[in-house]
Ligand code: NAP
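So this first bit is one chain, no partners, the form predicted alone, shown in structure tokens.
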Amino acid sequence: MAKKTLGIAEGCQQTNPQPDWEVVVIGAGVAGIYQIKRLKDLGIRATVLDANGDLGGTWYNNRYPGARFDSESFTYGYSFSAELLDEWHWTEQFSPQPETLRYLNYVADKFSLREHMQFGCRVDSMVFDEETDTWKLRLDDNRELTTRFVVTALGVLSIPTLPRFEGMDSFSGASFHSFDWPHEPIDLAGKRVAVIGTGATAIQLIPEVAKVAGRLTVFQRRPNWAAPLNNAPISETEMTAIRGRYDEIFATCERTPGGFEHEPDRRHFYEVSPEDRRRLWDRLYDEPGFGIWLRNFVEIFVDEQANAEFSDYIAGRIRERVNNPDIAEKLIPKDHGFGIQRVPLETNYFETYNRDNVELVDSEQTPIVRVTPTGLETTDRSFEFDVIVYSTGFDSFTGAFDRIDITGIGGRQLRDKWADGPVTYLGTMVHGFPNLLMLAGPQTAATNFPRGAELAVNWVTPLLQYMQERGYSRFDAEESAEATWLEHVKEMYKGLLLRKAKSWITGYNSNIDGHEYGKTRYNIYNGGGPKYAERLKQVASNDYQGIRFRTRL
């Protein structure tokens, strides 16, 4: 098939030479893989650039013990190919990292996508050329590429953040962020290991490290709520049954707010007796996945009293699982209720603190002062370690964009526009930065990631076709449309308890200047997947309302 050219009017080729590519996709994770699949099928000159050594995105990097997703495997895979769905057998209800990476490689190889990807290519800068309606990209190997369109698939949590302790470079042992866990196996058997942080990643890795380490010391500043994953293998018989209802599975994901099979309990919280509420929670707590969070009453997200009652229930379950009452209390959050920020799912996390080789240090009471050549010092004592693991979070949503010098119209940089938080139109484009599209960018609906990624790709791709059909060379979001969307995003935060949380979802990260608590960054669209999908559909059906197009003469 001849390669298609997007948005070049007849007779312009001689005076306006074609760019190197029509579309450059940045990122070869879940979203980028599907995007290049769609572009390849259309015969469009496109390539994927990825800074990593191979494809997979978050599943290429995050190789820490216990890494797995908390979406049911059969809701996480791509839905676009019946043949793919029929061929792939998920082995666990919640796939571990190695299997997920094998799956993404299988998809790339099955559809011959690897030949359209370039690895070890970090984009340092992007400058929009207003004369030619193209982007000029400079890579870290000093190559320059030009492209009509850039589609980012950078990931929400792809830029790890380290703490700012004195002496971090002085430690003589192995130390790294959990995101950068060595690709070559590291032997922790009998070692003295420190894990700093108790967020979602740490909650997965701590039980696994505890099984092999000689001594594990966990430094916790703020505890997190967590609920059982309740993982299990998937047999051949079960997988056959799953294949038979894939249409139903994806239809359910499409209509639920979070893009999972878990649908909210539509009964009113206060119309259900306390005894029946408890029976529901007992059942959900013992079921796999996010049911305890997403099959619950809607009021737990908006009503302080309802959330407090439910949080007390979860706290009671934690106390049942931790032998030492003092440790149990340290593991129960006091500054926010259960479910008002993304809930980590765990396997024997709380039981890990019953082990003789595990110690919990409250670094809120006795903060870490410095890293030493042999370990750590707190205000209370000194520790010696062989390995230090920093599980200290990410520069979420906008961090990956900030690492690229993205310059739009008039020389304005995107990081400057987003200094106080993201400003977008529909979470897919930014006024003043033409021909730039974002997959799963900030201010899109927070859903089961592949479901949101497929939705984004299936909206972006027809937009590019729309431009091709009309000979357009440039699009830009209208400033007024962007402002209206931002106000709508802000409005959707009102009434939700999450607005009070010290959460990466609202931009809190004490390791980044300007990301302090109380300085809300409106990173997500809280209206849920179906409402967001409907808004995208409305915009497209109205000739892409809010987007200004032009044909270069």
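Being a predicted model, the structure only gives us computed values, none of them experimental. One-based numbering along the sequence shown.
Keep in mind the form predicted in complex with this ligand is missing from the figure; the text below concerns it.
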(message) Even though the partner isn't displayed, in the model of the complex is residue 456 close enough to this ligand, meaning a heavy atom within 4.5 Å?
(response) no
(request) Consider residue 197 of the chain shown here, and say whether it contacts this ligand in the model of the complex, taking contact as heavy atoms within 4.5 Å. (result) yes
(message) residue 64 versus this ligand, in the model of the complex: is there a non-hydrogen atom within 4.5 Å?
(response) yes
(message) If we define contact as a non-hydrogen atom of the residue within 4.5 angstroms of the partner, is residue 202 a contact of this ligand in the model of the complex?
(response) yes
(message) Tell me which stretch of 391-399, 437-445, 304-312, 464-472 has a heavy atom within 4.5 angstroms of this ligand in the model of the complex.
(response) 391-399
(request) Counting non-hydrogen atoms within 4.5 angstroms of this ligand in the model of the complex, say which of 500, 37, 68, 45 makes the cut. (result) 68
(request) Only one of 221, 192, 295, 403 comes within 4.5 Å of this ligand in the model of the complex by heavy atoms, so just point that one out. (result) 221
(request) Let me know which residues along 148-184 have a heavy atom within 4.5 Å of this ligand in the model of the complex, or say none if there are none. (result) 157, 163, 165
